[in-house]
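Next up is one chain by itself, shown in structure tokens, the form predicted alone.
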């Protein structure tokens, strides 16, 4: 069990997200950076759908109410346990009574703290993910707050076996300011002329301060959909890039609506969504590069193989 001593920013409980409910208008939610989320769970021996803490643009301090093993992953954070500093992408043993701190530290937006056994909260619509706009999931559909006690499940192995594991350096994402992310053009690319497509693929777009878990608003050269920016609403998912009437693209993120009525010029490939998610609003920019479905699929498979094969005992590195 963990007790929250201090917290700021967007601290919530997330699992892999809510599947099977989008046809009823329920967003998937889940992690903004799925790679870091899965890696943290893998490091502590959890199943992929175990719930963990996501912290965005803030800090969190907790105390362990019993012995446990934790792992932190993501970008823009540093981890300390008791009197020691630990690197991200490692698992470590925490004795009852010790304090755990995730603090902001450099580039990045989202960090994840997984505990062996996962965090046990009551599922809502088959998921423990928090959907803040809907006020459900996680802990009463809200941000974590001081005094919250997070109960853990049963670890998959002994704590001694789960501690001191690491995700090797070559398996970790190369997060950077101003990343280039791959996109697949469409499904409404025909609503944009060649000049707009060239502009979209050759320009830098700054992530706006008005961005959130629902979508990253992008500021840059204006794009002009032919025939206007309105169309009949249709299905939408994380990574889709809409272009509303003001010509400024919006990249849909984890809490995005299930349908939208603006033309979609492209979709960010799943493997590169973590790179976009870690951009700091008001500071970082992103550029887009066209790719193919086949290349995007292989890139995602390679990313998942890194999580599966990259976790080793620390003494093996």
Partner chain sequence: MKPQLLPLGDSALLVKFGDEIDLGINQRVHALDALLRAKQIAGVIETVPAYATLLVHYDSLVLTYAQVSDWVGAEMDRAESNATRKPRRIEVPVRYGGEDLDFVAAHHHIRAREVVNIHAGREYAVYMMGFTPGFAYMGKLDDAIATPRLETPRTRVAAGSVGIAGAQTGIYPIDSPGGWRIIGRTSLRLFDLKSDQPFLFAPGDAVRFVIEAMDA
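In this text, all values refer to a predicted model and were calculated from it rather than measured experimentally. Residue numbers count along the first chain shown, from 1.
One more form of this protein should be noted, the form predicted together with its partner chain, which is absent from this view; the next part is about it.
The putative spot formed by 105, 205 and 250 is not touched by its partner chain in the predicted complex; no residue has a non-hydrogen atom within 4.5 angstroms of it. The stretch in contact with its partner chain in the predicted complex, judged by heavy atoms within 4.5 Å, is 228 to 236, chosen from 68 to 76, 167 to 175, 106 to 114, 228 to 236. A heavy atom within 4.5 Å of its partner chain in the predicted complex is found for one listed residue only; from 121, 184, 81, 197, this is 184. The contact with its partner chain in the predicted complex, taken as any heavy atom within 4.5 Å, belongs to 269 out of 64, 275, 269, 286. A residue is said to contact a partner when one of its heavy atoms sits within 4.5 Å of a partner heavy atom; residue 93 fails this definition for its partner chain in the predicted complex, lying far away. In the predicted complex, at least one heavy atom of residue 264 sits within 4.5 Å of a heavy atom of its partner chain. At the 4.5 Å threshold, heavy atoms of residue 258 reach its partner chain in the predicted complex. At the 4.5 Å threshold, heavy atoms of residue 22 reach its partner chain in the predicted complex.
Contacts between stretch 115 to 132 and its partner chain, counted in the predicted complex as any heavy atom lying within 4.5 Å, involve 124, 125, 131, listed in sequence order.
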